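First, one chain by itself: the form predicted alone, in structure tokens.
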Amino acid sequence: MEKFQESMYKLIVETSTNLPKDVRRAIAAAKIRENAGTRAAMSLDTITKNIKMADDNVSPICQDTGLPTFKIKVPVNVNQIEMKKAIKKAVAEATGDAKLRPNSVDSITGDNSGDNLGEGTPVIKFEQWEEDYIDVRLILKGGGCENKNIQYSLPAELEGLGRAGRDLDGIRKCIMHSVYQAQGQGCSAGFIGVGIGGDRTSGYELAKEMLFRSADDVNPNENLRKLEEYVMENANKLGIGTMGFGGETTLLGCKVGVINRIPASFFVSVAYNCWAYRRLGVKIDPACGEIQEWLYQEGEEVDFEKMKEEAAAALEEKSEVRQVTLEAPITEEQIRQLRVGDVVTINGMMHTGRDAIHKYLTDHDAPVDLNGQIIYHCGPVMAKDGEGNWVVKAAGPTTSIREEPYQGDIMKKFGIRAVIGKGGMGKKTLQALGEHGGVYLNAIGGAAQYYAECMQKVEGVDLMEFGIPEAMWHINVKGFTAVVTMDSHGNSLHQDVEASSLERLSQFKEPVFK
């Protein structure tokens, strides 16, 4: 069991820091399709740089390492109780080493366990089989994409598509709608696993199980193969694009499975996964607990370094993006000069704030002066160096829409001028940006290493009682880049892309499968 625990630690670290080859190839193909100089191309450049940095630093690709889910097949007579204990020890060790962010939170008290252990976490599912080795697969699926999972009960009326019946064409409409509704909030371009049938629980389980398939495999079920191919071709015509900025690639993979159902229920369940598709697997020798083989590593390697050099040359040649540098405290006059589409580079101070901070600030004074300052929707992975100082290990943006009930009021209350996150915000925040003189900046979701490198020094932290991800970190940054997607003049790129993608979605109303 000691060797097995060591193997599980290696699996966790590799899954968190090293994207598998099939995912890399899908991202590389998207990069080639994208038009140079666009916001989507810039996003993909950042994503590929981030993938290499995570490799080099052996640090989390994305700061949100999700809820670790293990799917394990074991020979008869293997002790699953001891295996589970070993896995939990490995999870706690990886969390302590900042390879996982502490994400296990008590649902009643809100207390963070600090080690990713708690009731129901991590998720460990066992299945016996007649092979002579142990097959362990792990997926780290962050909250941003988890929140874009969706389940349909057929028949249903779907926005833009009309009635979806209890047939293959109705299923097709559900899948297309699931991609549309995710927009950029799930860190598109993404992958989806689809479960047809079952009950509400088993349908979602099947959808998530589909995410353990290789991105390159071919569905043996002819009907499902045609469905997967149709979705891959047509979802990319929606124009949502990387991060929801618009573009040529919205979906990187679609895998569909089917199980039986009862006559009264017909569910279509969709598990959405971001571009940072962190799932790996290993074959384990049950006699000694050592790794015999790594899974998902077949096929061609992708040279992102070469692609980065080519993209830099193309960007320099074609880019017409306006670039602006900001440093807090920011004036209202500076904010009013910004427009949707501008690329902003930030130097100086910014302050993190997620769900707990926004709720706290509604009823309390801020621990620091936020007038003219920048709030970053981010739950970083943090660690202490040899001298006991906090350092940022991973720090990409979290999904901003969760803060919609609070954001506008908090900006006005404290004089905040800029908010950074991913996926955009709603009408209430957009109105407040106009009234107060504020701006929303969209950072590249999942690019946790890219942004961590920009973070020069942690100047302090407040409200640590909320746990590391939810505390307010005060960080000095240099060269932090994001895109203006909501400005103080009533413009929202997110609203524009959603409206145009809905119009495109409506083109897929007519039956395709008989």
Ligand SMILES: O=C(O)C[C@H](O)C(=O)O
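Predicted model, so just to flag it, every value in this text is computed and none were measured. Position 1 is the first residue in the sequence shown; the rest follow in order.
Keep in mind that the form predicted in complex with this ligand is missing from the display, and what follows is about it.
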Next on the checklist: Within 4.5 angstroms, counting heavy atoms, which one of the listed stretches 450-458, 32-40, 57-65, 481-489 is next to this ligand in the predicted complex?
Outcome noted: 57-65
Checklist entry - Would residue 436 sit within 4.5 Å of this ligand in the predicted complex, counting heavy atoms only? => result no
Next on the checklist: Under a 4.5 Å heavy atom criterion, is residue 402 part of the interface with this ligand in the predicted complex?
Outcome noted: yes
Next on the checklist: Although the partner isn't part of this model, could you tell me whether residue 101 comes within 4.5 Å of this ligand in the predicted complex, counting any heavy atom of the residue?
Outcome noted: yes
Next on the checklist: in the predicted complex, does residue 142 come within 4.5 Å of this ligand, counting heavy atoms only?
Outcome noted: yes
Checklist entry - Given that this ligand is left out here, which of 352, 429, 398, 112 has a heavy atom within 4.5 Å of it in the predicted complex? => result 398
Item to check | Stretch 403-433 - residues with a heavy atom within 4.5 Å of this ligand in the predicted complex | outcome: 422
